[in-house]
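First, one chain by itself in structure tokens, the form predicted alone.
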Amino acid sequence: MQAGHASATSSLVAMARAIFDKAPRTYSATHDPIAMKLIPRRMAQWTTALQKAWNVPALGYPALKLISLGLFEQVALRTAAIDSVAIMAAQSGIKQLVILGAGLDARAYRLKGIEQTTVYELDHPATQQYKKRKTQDVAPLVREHHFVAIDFAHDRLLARLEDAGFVSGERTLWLMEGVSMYLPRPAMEDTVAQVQAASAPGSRFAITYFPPLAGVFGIAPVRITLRRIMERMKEPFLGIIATSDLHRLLAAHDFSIATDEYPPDWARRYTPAVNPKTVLGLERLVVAEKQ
């Protein structure tokens, strides 16, 4: 990470959100008008050009799928699914939202329905420096909003949060979007243990994760190519985890599984113009509740 710069993957995620923000609602449930502001300048021109694909959705939608190999659509569906989790948590009375590895997440600035929550964004100082600069003229929608700089390899989660005002006795929604695949298994286990220690009963933990690659991405040459691409971006996949293994890890830390879904499930729910069978299903989202 370079000071004042966002990571490559967080920039691409913001790019995907900005593109699908302009889609007809039958093709996208993602509404993120802040994403365009967060994109690095070098990517803005490309993003604007790709947004124009929605001028003719019947042609633009398959073109976008081809250009991004379906990954942009998966990000957009994932965003909509997690938005729903956050809104439902707020409606249930949860007042604290902790975003682990927040990247360029803009929920504190744009997600209606979570206005009464206090949001804590945890991430590397370099990413946060960049994000603060990009959002300096945008007011958060939520009750309170805190940037919490953290080095996950060395800092203790609860200590950093409590320094920022976090109350460990209150129910909390923990979000871990697009992070677990970059964590080696010991780091993932430690993170779950720290969340357990900081969570009051009734807290929820939403984690996106990559199970072992299947379909065309499971073919050895494709899998190896994908791995090399991520390594060249200096963000290698380290945390591939089977669904059963992740469920056991959460259960061992007093979390019961509420839901575990993937992009075709979200397409059926949110995007009537999209055939769920054509949606890339690499990543899953598990939501668990602390007992």
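Worth saying up front: this structure is predicted, and the values here are computed from it rather than measured. The numbering used is simple: start at 1 and walk along the sequence shown.
Omitted here: the form predicted in complex with a small molecule. The next part is about that form.
Select from the listed residues F166, Y182, F147, Y109 the one whose heavy atoms reach within 4.5 Å of the small molecule in the model of the complex.
Checking each option against the small molecule in the model of the complex, the one that comes within 4.5 Å is Y182.
Quick check on this chain: which one of T127, Q74, T118, S203 has a heavy atom within 4.5 Å of the small molecule in the model of the complex?
So the residue touching the small molecule in the model of the complex, by this definition, is T127.
The small molecule contact at S10 in the model of the complex, heavy atom, 4.5 Å:
Yes, S10 lies within 4.5 Å of the small molecule in the model of the complex.
The small molecule contact at F210 in the model of the complex, heavy atom, 4.5 Å
Heavy-atom contact with the small molecule at 4.5 Å: absent for F210.
Considering non-hydrogen atoms and a 4.5 Å limit, does the small molecule approach E162 in the model of the complex?
Taking the distances in the model of the complex, the answer for E162 is no, it never comes within 4.5 Å of the small molecule.
Would you classify E189 as touching the small molecule in the model of the complex, given a 4.5 Å non-hydrogen atom cut-off?
Contact check for E189: no, nothing within 4.5 Å of the small molecule in the model of the complex.
The small molecule in the model of the complex: contacting segment from 151 to 159, 136 to 144, 166 to 174, 90 to 98, heavy atom within 4.5 Å:
Contact criterion met by 151 to 159 only.
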